[in-house]
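Next comes just one chain, in structure tokens: the form predicted alone.
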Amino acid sequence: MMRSIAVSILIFLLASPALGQQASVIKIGGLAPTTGNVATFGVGQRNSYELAVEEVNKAGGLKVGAARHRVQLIFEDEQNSPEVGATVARKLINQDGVKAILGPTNTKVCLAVGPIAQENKVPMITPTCTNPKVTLVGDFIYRAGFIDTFQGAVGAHFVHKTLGKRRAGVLFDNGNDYTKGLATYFRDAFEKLGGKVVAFESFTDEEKTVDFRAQLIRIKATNPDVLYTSDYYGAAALMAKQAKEIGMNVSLMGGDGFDSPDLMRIGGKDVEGVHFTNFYSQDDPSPEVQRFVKAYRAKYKDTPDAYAAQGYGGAQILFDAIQRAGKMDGPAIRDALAKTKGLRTVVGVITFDQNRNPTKPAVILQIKDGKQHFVTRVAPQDLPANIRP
């Protein structure tokens, strides 16, 4: 029988008896970058981890076997650095004794932390790492988001079919597995659809690079009608401004890394009209999304972005699995995660495939008047067969 839905878990727990003083604690590690060049991603995820834990504890904790256990979140700032991520992951596992890890946020850190979690048999659920290699590390590694082969295909299909563009220039960070992978998957899908990638330009290290004019000038010379970049919001905003400066007036499309208020703050009028693929939209009318948005706004006086929603969804998936596992050891939680099926969460209905990836839709958003607007939702079956992952 299909498991009860994750949102209902929190509602169910809210109706459960209060936790007695003698209850034990289950420690959960949280990782996200709350400083550095993608700090807005990490702040939202940390907030959502804390919100989910607060709701569960308020309801009496997680029921594991015959007992209830309060959840203790031990959070660490991984700074979007593989080296820092590995260090704090070892601390969470070896010193703090966490039973599972929520995070990290971005692919390059996931690829550093995943082997550590796998070696120590500690289940890890990344809310937002999208590179396919992340979960292939081992059977203790799961994700709550879609993978970049799908995201790249969704972007290519939207550009080709909806925007009607046929000549794409692509610009990405060659030193980042996420941006390099997503750019490649977009290129492959776009060309399978009949489009032509007329330029495939790269640079190294967007944390230090702020001038993209040389690459943009080379791209402009190939006469594209769309610019696709898989980089994060800070670099993307600068690319949009510099493209306009050199007279490159083309459509701009990107991925989930665009999702930050800083895209509009840095880019201003130059990012008006930009499209990007994302995990969720705050405008989604589903009860799960609207309940989460209301709770997040009430606690933080802010609107959650997709990274925050994915963080909350990752916690829903993990809490559901811990309760079904019946005991608090890594292999038992891992086995329960593998059996997750039809679980309704704020980030969609979750059923894991053989590689521990959920099958779920993406949304397309557009910047208008300085704000994000929902354009459409794209499920895997909506794509042409020749570009489906």
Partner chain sequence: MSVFVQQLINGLQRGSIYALIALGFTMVYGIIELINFAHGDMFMFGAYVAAFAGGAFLAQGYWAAFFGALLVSMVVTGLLGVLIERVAYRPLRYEPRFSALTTAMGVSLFLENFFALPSQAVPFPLNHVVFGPNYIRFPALLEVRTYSAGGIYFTTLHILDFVLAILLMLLLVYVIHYTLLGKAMRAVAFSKDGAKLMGINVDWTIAATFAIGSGLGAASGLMYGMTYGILASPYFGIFPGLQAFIAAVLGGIGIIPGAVLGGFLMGVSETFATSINSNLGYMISFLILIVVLLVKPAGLLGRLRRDKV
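Owing to the predicted nature of the structure, the values given are computational and were not obtained by experimental measurement. Positions refer to the first chain, counted from 1.
Just so it is clear, the following notes concern the form predicted in complex with its partner chain, a form of the same protein that is not shown.
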Checking Ile364, Val349, Met328, Ala39 against its partner chain in the predicted bound form, the residue with a non-hydrogen atom inside 4.5 angstroms turns out to be Ala39
Of the options Pro82, Pro224, Gly234, Gly181, which one has a non-hydrogen atom that comes within 4.5 Å of its partner chain in the predicted bound form? Gly234
Using heavy atoms only and a 4.5 Å cut-off, decide whether all three of Phe203, Gln215 and Arg265 touch its partner chain in the predicted bound form. yes
With the partner left out of view, is Gln118 within 4.5 angstroms of its partner chain in the predicted bound form by any non-hydrogen atom? no
Spell out, yes or no, whether the shortest heavy atom distance between Glu272 and its partner chain in the predicted bound form is within 4.5 Å. no
Check whether Lys208 has any heavy atom within 4.5 Å of a heavy atom of its partner chain in the predicted bound form, and answer yes or no. yes
Exercise: Leu193 in contact with its partner chain in the predicted bound form, heavy atom 4.5 Å: no
Which one, 135-143, 274-282, 239-247, 312-320, holds residues whose non-hydrogen atoms are within 4.5 Å of its partner chain in the predicted bound form? 239-247
For the heavy atom contacts within 4.5 Å of its partner chain in the predicted bound form, list the residues of 168-187 involved, in sequence order. Asn174
